[in-house]
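Okay, so here's just one chain, in C-alpha cells, the form predicted on its own.
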Amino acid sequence: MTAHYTIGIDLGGTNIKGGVLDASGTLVHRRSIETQAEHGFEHVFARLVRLVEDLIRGAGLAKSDVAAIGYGTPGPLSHKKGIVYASANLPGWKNIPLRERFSAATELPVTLDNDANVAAFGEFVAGAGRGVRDMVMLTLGTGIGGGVIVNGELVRGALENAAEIGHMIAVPDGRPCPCGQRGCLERYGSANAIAERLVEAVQAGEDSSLKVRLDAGETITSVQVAQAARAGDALALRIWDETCYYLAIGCVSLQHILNPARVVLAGGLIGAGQQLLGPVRDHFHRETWRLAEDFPQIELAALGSDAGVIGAATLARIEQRKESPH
C-alpha cells in the first residue's frame, strides 16, 4: 500500500504540536502536549516518539500509511546533516543528531528544519501566502524569527542560517541584543521589546496609565500596551506606533533585497489585528521608494498554531518525492 500521509511536528520550549496531513494537504488529526523541557533531552525525545505513535493511532492509521515525518525545532541546526546545534529554551540540546535518532526510533524518514522556516512554509502552502511564489514571513513574539520562500523554495542559505530577519540592524549602535549585536530589529519590533521599552520610559519619568500596574509589581505585556494604546494612553500609543514603524522599515529592506509578492506577519503580536497591520502598512508606504511600484502585500498570518505542523509535514512530503526513484 502506498503511504499517503505525512506527520508534522513543531517543537517549542513549552509545547509540542503534532499533526497528520493527507495527500491533499488537509490536516486530518492534531495533538499538542507539554514539552517538559526542564527534564532534558532524553525525556523530551521519548515524548516526541510517543507523540508520533499517538498521532498515527489517533488518525486511525497504520505506520505503513505514513510516508515521512517533518520536524521543526528552534535554535541553530543543519538541515543537511540533521543536527540540532543548540537551543536556548531546550536544556541539554547540544549537537544532537536528531534526524538520525528520530528516524531510528520511529522507523520513518525524517526531515529536520528550523521552526520559523516550517511555519513560514505552512503559511506559504496553506495560509496567507497562498497564490504567490515569493513570500517572507516575520514571526513576532518573544523575538522576531523569519522564513523566506523564493520561487516556491524555502531559502536556507549557504551556511543554513538564512532568514534571521530579527537580527537585521534597525538602529545602528542601538539597543543591545542577546545575540551580541546592537540595534537588532527584534529589540524594537517584538512583543517583548514593546513591553520593555514602555517600562523603561515609565521608569525614566514618563506618565502612563500602566504605571499603577508597575508600582504594584505586576509584569507588563505587549497585550496590555496595545490595550492602553487603544484607550488613548499617550506613551503606549507612541511605543506602539514606533514598533509599527520599525517593522515597516524592516519590510522596506525586505522589499528591496528580495522583492517578495507578500510579507506575512505572524506570532503572538498579530492578535492586535488591524491595530498592528494598519500602521505597519501606512509607515511602509510613507517610507518606501517611489522609483517603482514593486510593493509587497503586507498581510497577517492565517493558520495560527497549525502553521508549523502543516509546513513541517509538507516539507517532509516534498523531501520524500525528491528522494523517490519514481
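Numbers follow the displayed sequence, beginning with 1. Predicted model only: the values in this text are computed from it and were never measured.
The form predicted in complex with another copy of the chain is left out here; the points below concern that form.
In the predicted complex, another copy of the chain sits beyond 4.5 Å of every heavy atom of residue 196. Looking at residue 134, you'd find a heavy atom of it within 4.5 angstroms of another copy of the chain in the predicted complex. Under a 4.5 angstroms non-hydrogen atom cutoff, another copy of the chain in the predicted complex lacks residue 91 among its neighbouring residues.
Proximity of residue 172 to another copy of the chain in the predicted complex falls within the 4.5 Å heavy atom cutoff. Listed stretches are 108-116, 220-228, 155-163, 82-90; the contact stretch with another copy of the chain in the predicted complex is 155-163, by a heavy atom cutoff of 4.5 Å. This chain appears without its partner; in the predicted complex, the one residue of 258, 44, 59, 277 with a heavy atom within 4.5 Å of another copy of the chain is 258. The partner is absent here, but in the predicted complex a heavy atom of 150, alone among 212, 104, 234, 150, sits within 4.5 Å of another copy of the chain. Proximity to another copy of the chain in the predicted complex holds for all of 181, 253 and 294, with the criterion being a heavy atom within 4.5 Å. In this stretch, 23-60, not one residue has a heavy atom within 4.5 Å of another copy of the chain in the predicted complex; the partner itself is omitted from this view.
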